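Take a look at this one chain, the form predicted alone, written out in structure tokens.
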């Protein structure tokens, strides 16, 4: 039977993401809100981790700390031994949100190309790269389409391609498929796995879905209710490449049950 072991931190890896003793406090005095409290975990270089936990437990805040959109009140975050600010300045962090945030007046190609233009890279130097990304996310034939002409799942494919256009070392995904129907969501889960395996990026996904976390991740980091603390880090022993057929197996259900136990504990008794 799989157990939800408490996580031991490791400082021996040179690559990957390393979060150590991170606390995040918003506000001051009696009105202060502690979002994260003494959070430590590692994500291996090229690995795939998922963050799950109750609403408001600091999952999205943790992604923003890794992306250097927020600075921790205490503790440290490093990526490959470097500060997130260094990677952000080099545009080496890709971020995909639940809201795809595509520009409605731009085509698929132009939405994907936007980070290149913002970073002042000549689009002619990256034309092949954009074309390759369109193939990678399965949008060949839709290069000239506007977001309004695409399904929700296709818009998220564009958002993923846009996040990858600068070849980031880290891909952060904040519930990217949360607004989609279950059939589309499972199809895109498989597409995301394929894209991740082909690009070799280190990925961290925030999700509320236990099955999604179990299907996608090498390890699932379970956070407690606010203030967010590490409840458990659960390894996923399923072989890769992952398939939907694996979701029918006893091994998959064992992982799901371990996640459920870590989240709800005595409430399941």
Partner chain sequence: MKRLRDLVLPAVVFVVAIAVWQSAHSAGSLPRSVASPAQIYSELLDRHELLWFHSRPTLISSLWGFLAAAAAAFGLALIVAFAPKMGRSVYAAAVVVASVPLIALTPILVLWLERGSAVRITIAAIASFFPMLIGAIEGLTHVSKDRAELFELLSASRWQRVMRLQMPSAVPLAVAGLRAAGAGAILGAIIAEWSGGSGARGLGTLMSTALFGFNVPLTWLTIAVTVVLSIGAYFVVSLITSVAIRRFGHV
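Positions refer to the first chain, counted from 1. Note that the structure is predicted; figures quoted are calculated from it, not measured.
Note that the form predicted together with the partner chain isn't included here; everything after this is about it.
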With the partner omitted here, the residue among 83, 103, 144, 167 that in the predicted bound form has a heavy atom within 4.5 Å of the partner chain is 103
Pick from 98, 199, 186, 78: which residue has any heavy atom within 4.5 angstroms of the partner chain in the predicted bound form? 98
Looking in the predicted bound form, is the partner chain within 4.5 Å of a heavy atom from each of 40, 209 and 244? no
Given that the partner is absent here, state which listed stretch (86-94, 175-183, 136-144, 191-199) has heavy atoms within 4.5 Å of the partner chain in the predicted bound form. 86-94
Would you classify residue 157 as touching the partner chain in the predicted bound form, given a 4.5 Å non-hydrogen atom cut-off? no
Residue 69 versus the partner chain, in the predicted bound form: is there a non-hydrogen atom within 4.5 Å? yes
How about residue 226 - does it come within 4.5 Å of the partner chain in the predicted bound form, if we only consider non-hydrogen atoms? no
Looking at the partner-bound form in the predicted bound form, is residue 73 within 4.5 Å of the partner chain by any heavy atom? no
